[in-house]
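We give structure tokens for two forms of one protein chain below, kept apart as structure 1 and structure 2.
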Structure 1
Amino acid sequence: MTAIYSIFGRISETIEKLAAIHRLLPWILAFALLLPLPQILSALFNDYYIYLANKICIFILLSVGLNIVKGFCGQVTVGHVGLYAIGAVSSALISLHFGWSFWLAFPIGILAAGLAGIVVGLPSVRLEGAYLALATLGLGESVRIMIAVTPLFGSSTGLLSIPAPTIGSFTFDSYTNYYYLVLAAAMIGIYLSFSILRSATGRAFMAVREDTVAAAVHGVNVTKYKLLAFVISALYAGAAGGLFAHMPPGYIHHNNFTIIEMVTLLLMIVLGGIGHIWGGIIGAIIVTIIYDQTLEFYFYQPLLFGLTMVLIVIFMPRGIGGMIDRYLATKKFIASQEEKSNAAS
């Protein structure tokens, strides 16, 4: 255990050194290191893990977005899958019905989700806590039902043959190719989330989370920041949705967007660490891998997941991210105490 933590410590030191050279350097390096992952996975295991890597990237986008509005801004939203669905269906419809390329349909899908994010965010202005949870739950479910009963949105047959993106003659129709797309999207998403959360906006979010009255007293426009958090998370969800829709085999159905998916997302950020900047990423990776490795126990899987969620909320409320933080902080403290005692003697 200590070994794993010390690795984290070393990594964060290296990253800081690189970032001192140029802000973006660690990111470019990480992207470059992750690029050959499909080839590595294919050599070590098999191509199935490339598909899993794709899924993880999409889940990362979803969890990071959810963490922004839920973990950092403290708004209890349980309708995130609805925004995911809107992004997916919009992008799919535009490329299926208008024949526009992915590069047009995808941004429009994101925008549609962002607009919906305003709608989902409006209740947050007036409601808090459980009331907000109920409102967003209702909205999310309504989106799914609308998809299920409207033939244009696929109703219960689903939307088929959603075209894969192309650049010139290069088509993103294999999981290896698509991986490059979702990896880029995920890295951009993570980078943006770090920028936002470490900026004044992020601090405003956290102020709103801690105490809206105190934040307002300090000049934070609570309404604006609440809505902003929702819209940002909606943009992430819309991006994830569009990427999901165009991923081979290009099929979406309304039961991809049920409450079960919402609870899985919740589990991801709770496990990874609500309000921790790495929370969404850690959670997405761990939950997807554990889910995959326990597939043969499908009988007990949901029970395991629900129990994990309950136990983590009770015993480890800061999630894995919180545990790492605590360890690093303890190490720093011990180190600083040793320095003091060394300096004294």
Structure 2
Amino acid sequence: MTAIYSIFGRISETIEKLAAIHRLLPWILAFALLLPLPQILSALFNDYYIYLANKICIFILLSVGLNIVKGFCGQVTVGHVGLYAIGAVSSALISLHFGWSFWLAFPIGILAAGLAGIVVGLPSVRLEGAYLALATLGLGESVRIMIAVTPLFGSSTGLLSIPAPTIGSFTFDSYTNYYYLVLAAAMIGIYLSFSILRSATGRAFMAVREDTVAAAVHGVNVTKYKLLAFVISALYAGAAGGLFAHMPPGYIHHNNFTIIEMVTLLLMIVLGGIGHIWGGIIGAIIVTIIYDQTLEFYFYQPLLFGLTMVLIVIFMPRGIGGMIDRYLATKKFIASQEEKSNAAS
């Protein structure tokens, strides 16, 4: 475990040095390093693992978005998968029935999810705890049921032949090609999440999370920032949904948006560390792989993931990200004490 902490410590130091040169440099370097991943996976395994890498990028977007409303702002929402479904179905329907390209349908799907976030957020800003969780759970299940019973939305057969994105003559119609699109989207989403966290808006979110009364007393518009967190989170979910809908083979079904997916998403941010962006990313990678490898035990997945979440809360309440933060803080403290001791001697 110490070796793992040491690796993360070195990575963190390297990122800080690169960011000191230019804040975009670490992101450009990370994107360049991840570009050859499809070729590596294809050579070592098969194309299915490229598909899994695509799903990981999409789930990273979802987990980063959920972390904004849950981790940054402290709102207990379990209906994120409903917003994900709205983004997916909206983008797919516009492409299928109007013949519009992905580059027009995709932003409309994001806006549809954002609008749904406003509709849900307005009545929900006065709710707390379990009441908010129940309200958002109702949203997620209502959206799934509506998709399941409405022929226009695919009903029991799902939506088929959703067109893949194109740029000129280049088509993102294979797992390898699509990987470059979802990777870019995931990197942009992560970067924007860090930007929000470090801004005045991010500080207001965290003030609301810690104590709504104290935040209001100090001039923070609690209602505004709760609603804003819902909307930003919904935009992330809509983007992830649109990317999922257009990913080859271009098929979505209401079973893609069940409570199991929501529990899986919650497990990602709990395992990674609520409010910790890098931890959420690590959690998304680990949980997506575990989810894929346990598909044959489909009926037991809710029990498996629920039990795992309980154990994480008991034995690792701050998640992976919290453990890494604690190690880095301890390391800096020890280093500062050694410097003081050396200076004194």
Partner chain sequence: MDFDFSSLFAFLLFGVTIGVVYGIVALGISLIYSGLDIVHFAHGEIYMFGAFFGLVFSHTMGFPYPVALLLAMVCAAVLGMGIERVFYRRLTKGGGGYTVAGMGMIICGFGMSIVLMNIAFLIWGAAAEPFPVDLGMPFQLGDITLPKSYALTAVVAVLLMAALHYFLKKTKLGLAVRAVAANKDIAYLMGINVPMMISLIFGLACGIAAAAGVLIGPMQSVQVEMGYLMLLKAFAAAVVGGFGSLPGAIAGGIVVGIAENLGAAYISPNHKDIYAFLLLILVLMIKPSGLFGIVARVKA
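Quick note, the numbers are simply positions in structure 1, starting from 1. For clarity, every value in this text was computed on a predicted model and none was experimentally measured. Throughout, rigid core stands for the largest set of C-alpha atoms superposing within 1.5 Å between the two forms.
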request  = Have a look at both and say which one is the form predicted alone.
outcome  = 2
inquiry  = Is the shift of residue 312 between the two structures large enough to count as movement, that is, does its C-alpha move by 2 Å or more after the core is superposed?
reply    = no
ask   = How many angstrom apart are the two C-alpha positions of residue 297 between the two structures, if you fit on the rigid core?
value = 6.5
inquiry  = Core superposed first, then measure: what is the displacement of the CA of residue 45 between the two structures, in Å?
reply    = 2.9
